[in-house]
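Heads up, the chain below is alone and in the form predicted on its own; it's given as structure tokens.
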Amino acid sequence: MGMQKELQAAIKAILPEVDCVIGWGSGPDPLHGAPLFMRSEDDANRFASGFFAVNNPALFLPEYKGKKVAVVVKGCDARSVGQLLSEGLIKREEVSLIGFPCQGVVDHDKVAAALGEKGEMGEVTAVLEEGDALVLTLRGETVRLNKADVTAEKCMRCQYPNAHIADTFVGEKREPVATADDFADLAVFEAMSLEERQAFWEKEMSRCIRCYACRNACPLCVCRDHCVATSRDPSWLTQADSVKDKLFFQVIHATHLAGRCTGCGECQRACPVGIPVLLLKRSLARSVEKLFAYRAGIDEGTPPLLTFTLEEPTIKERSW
């Protein structure tokens, strides 16, 4: 029995105990998966994990507070669940977790770039996975892509491919791709001068359409109904189409996620214009890990910026 069938069997086994099981199903085209809310065996038969199961299902858990649900999670999804638990945003007894080892997920921007002049993703009518390759049917012809070339960057530095929190674990646990995060993406950015960094963000934010998909896709952005982006009392941001307001929102968004962001990358993936907003979150996550020795979604206890300690062991203010 393959992992797909094993996961479907685990889903069917728990269905009688929960209101629904959250996982993935087929998306609008062969290259996309989509969230799937399963309440029957017929729904479970439509479950589909694998390379295109990108969405983080932890996003929906706060909406089910007070109900019993199950969720299928890969490594980064489980970290988000862990963070929601550590902040008391969901209750452990209300959530059953079906975990599995992730082999990596697709980056659609990379697929679009790899196709180039051959065609657009919307023209792909079929996709087959053959070992380390994706075979796409496009305009009646086949296009072969190396999966490694179109895998999301977060997967290339993944330290937690297995769901570390799980009531049921399906499949054989796999070794992490990396033993530590070298933050190579930040190193490239930080090699720029301050003036170049400012110019970089001004250029990126000039493309922002203020759709807030980055916020809406984040599993830790649970206060979106009271977000500073839309609040008018107090009024933090104007509705002007200005780079200043757009950048101000992204800085606030990243700051609110400091010590909470698990690096799932949903914010950046959801951005319709491809702004690398994850850079901001990763910079703050690195600082929190360095200062407080805390990894969001992995380490237990109250997140460091949600509590107070008279003197942090790694900061040692009194010795200054």
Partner chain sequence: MATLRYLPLAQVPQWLDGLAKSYTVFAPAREGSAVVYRPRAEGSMPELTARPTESAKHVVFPRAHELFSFTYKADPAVVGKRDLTLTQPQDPTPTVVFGALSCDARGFFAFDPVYDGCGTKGLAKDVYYLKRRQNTALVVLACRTALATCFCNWTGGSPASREGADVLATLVNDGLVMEALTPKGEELVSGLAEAGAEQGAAAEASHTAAEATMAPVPGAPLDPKAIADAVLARFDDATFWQAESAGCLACGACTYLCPTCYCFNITDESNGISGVRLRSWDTCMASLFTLEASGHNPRTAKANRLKNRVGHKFSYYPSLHGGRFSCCGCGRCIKSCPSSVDIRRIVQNALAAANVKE
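Numbering follows the first chain given and starts at 1. Source: prediction; values computed, not measured.
Another form, the form predicted together with its partner chain, is not on view; read the next lines as being about it.
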| request: Report the stretch among 198 to 206, 91 to 99, 141 to 149, 71 to 79 that approaches its partner chain in the predicted bound form to within 4.5 Å, counting heavy atoms only. | output: 198 to 206
| Within 4.5 Å of its partner chain in the predicted bound form: all of E123, T238 and A270, by heavy atom? | yes
| field | Exercise: E153 in contact with its partner chain in the predicted bound form, heavy atom 4.5 Å | value | no
| said: Under a 4.5 Å heavy atom criterion, is Y160 part of the interface with its partner chain in the predicted bound form? | reply: no
| message | How about G50 - does it come within 4.5 Å of its partner chain in the predicted bound form, if we only consider non-hydrogen atoms? | response | no
| field | Partner contact for G66 in the predicted bound form: its partner chain, 4.5 angstroms, heavy atom | value | no
| field | E87, D109, D185, E129 - the one with a heavy atom within 4.5 Å of its partner chain in the predicted bound form | value | D109
